[in-house]
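Alright, here's a single protein chain in two forms, structure 1 and structure 2, each given by itself as structure tokens.
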Structure 1
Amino acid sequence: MDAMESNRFKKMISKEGLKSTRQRSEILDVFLHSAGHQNLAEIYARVTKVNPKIGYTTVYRTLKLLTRLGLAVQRKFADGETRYEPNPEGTHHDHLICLRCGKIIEFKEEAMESLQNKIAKRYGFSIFQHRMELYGYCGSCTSKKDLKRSKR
């Protein structure tokens, strides 16, 4: 974790009346350098490689804290499993989720964001947050599905 991220985290923790501990910093560092959407067990496994003394509950509580502070986003897709992803300031993306293999594709579409804002404005609605999750089949699984149909 770079010094700027570390200082920002320490300030946020302090505002919450909490201490900035080495364990929390290690968990944050591992989490911020994680790719994709990881569940608690995956993050815990990565954290214990850095510090085997950190417990499962500490990782869980820290992820909850990071979510509350806005540094992480908690996601539950159709499979019901809770996953976490870093939430860099001022960024937003949506998801395509494959129902067969579970692949999650992130995308950002300015035209869609613009349309959502236009609709909200039309109704005098102020958007706080939103999420879009589109469920279907990825290209690889669609090809497999088409192959099975053609063999019949």
Structure 2
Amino acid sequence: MDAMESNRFKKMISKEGLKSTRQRSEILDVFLHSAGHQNLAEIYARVTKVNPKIGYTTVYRTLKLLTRLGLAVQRKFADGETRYEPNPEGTHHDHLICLRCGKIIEFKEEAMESLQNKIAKRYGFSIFQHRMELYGYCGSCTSKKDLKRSKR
């Protein structure tokens, strides 16, 4: 699942007249092998373990580049942090986010997408993208919350 993305990257790179560098491939490699939804500091920390010489600025610029090329998606959930996640071609998903433990669950619901299109049509909009995030407590945090209350 990595080779495919690396090829995608190489193609985009040459198409745009950019250059292949050791830093870029190291950053891409780390990024693709990490769990999604990480912020720059976290990605930088992981990159640094592979190559301590890489600058924070380069990681910043590379993630921005990956986002522009469609290989990464930038997410800003309600906590205001900027996170990144890999974006395999032709995929899309939305998120369920636990406000207690931070757990993030990804889901894909076709009915949701078609309902969105229906709404957009009603108002004459042509939709290119959307944001759909559900915030609450995950299953285990819901039980814990109940426990706390029952103690009173």
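Quick note, the numbers are simply positions in structure 1, starting from 1. Remember, it's a predicted structure, so these values are computed and weren't measured experimentally. Rigid core here is just the name for the largest C-alpha set that superposes within 1.5 Å across the two forms.
Undergrad: Between structure 1 and structure 2, which should be identified as the form predicted on its own?
TA: Answer to the question: structure 1 is the form predicted on its own, whereas structure 2 comes from elsewhere.
Undergrad: Can we say the CA of Met112 moves by at least 2 Å between structure 1 and structure 2 when the core is superposed?
TA: Indeed, Met112 is displaced by 2 Å or more.
Undergrad: After aligning on the rigid core, report the distance the C-alpha of Arg131 travels between structure 1 and structure 2, in angstrom.
TA: Rounded to one decimal, the shift is 3.1 Å.
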